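The chain below stands alone, shown as structure tokens; this is the form predicted on its own.
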């Protein structure tokens, strides 16, 4: 038995967001992955993968994040059927904007549609987070939660999972600059400290609290002051050449904040859409990398909605 293909768009995401390591995440309007799926007699299979970096991604359903998430959805739904999956990557793997998370979210979302939509949003996030744990070596939902739900997501708790969704400000603009540098999620997690000082803990709590307030009130100046990280970005900075110069260039051209996206190498910059279009920020960050013989691609985008059938 097989049925017609359904098509799901699964957005890229910014995770960590300054002081919110493994807690804060936000969906982007673009780029995004597209996951095609159809019901079959049995087993989850990845039929094909296309797009940037697809040649390095596994067709093996036991190692592919979309397939792992879909299999978990079918298991929780007590489904007696399988799925074929086709993935068109719009998000390069090892980008820092949730490439594997988008595929996992898209796989989970598509599987839930095929299974009749029996799982809750929280269950879907758990299924996609399970895929992230298998593929990256650590349980984290700060990519898959916003990719599924859209907007700005706060992971209040992992055990049990509780996600709070906040609608970001309409005037928040985002520049994503992706240099031609590869940073694997597993590698980036291995360099993190196992303990933090009370001073750094207090610093993060204060900034994280104000960042949430800024998202809710639309205070972009406060948002810019609150995207601070004293622990995780400094530990990863050596993995991304010229990171400091890129962030300085963004701020000197009007960015409210500039920081490392996820585990890198993407450099994320926030700006006010009411006063500028972000193009000067994008060009300034790109020029830092290009002048050092490192290719760089960029997007000027905004917060986006979650997974959707298209």
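All values reported here derive from a predicted model rather than from experimental measurement. Positions refer to the first chain, counted from 1.
The same protein also has a form predicted together with L-homoserine, omitted here; what follows describes it.
The stretch among 59-67, 35-43, 260-268, 240-248 whose residues place heavy atoms within 4.5 Å of L-homoserine in the model of the complex is 260-268. The contact with L-homoserine in the model of the complex, taken as any heavy atom within 4.5 Å, belongs to 236 out of 76, 228, 92, 236.
Residue contact with L-homoserine in the model of the complex: residue 299 places no heavy atom within 4.5 Å of it. Shown alone here, residue 185 lies within 4.5 Å of L-homoserine in the model of the complex, counting heavy atoms only. Residue contact check for residue 86: none of its heavy atoms lie within 4.5 Å of L-homoserine in the model of the complex. Within this chain, residue 189 lines the site of L-homoserine in the model of the complex, having a heavy atom no more than 4.5 Å away. The partner is not shown here, but in the model of the complex the stretch 143-182 reaches within 4.5 angstroms of L-homoserine through a heavy atom at 143 alone.
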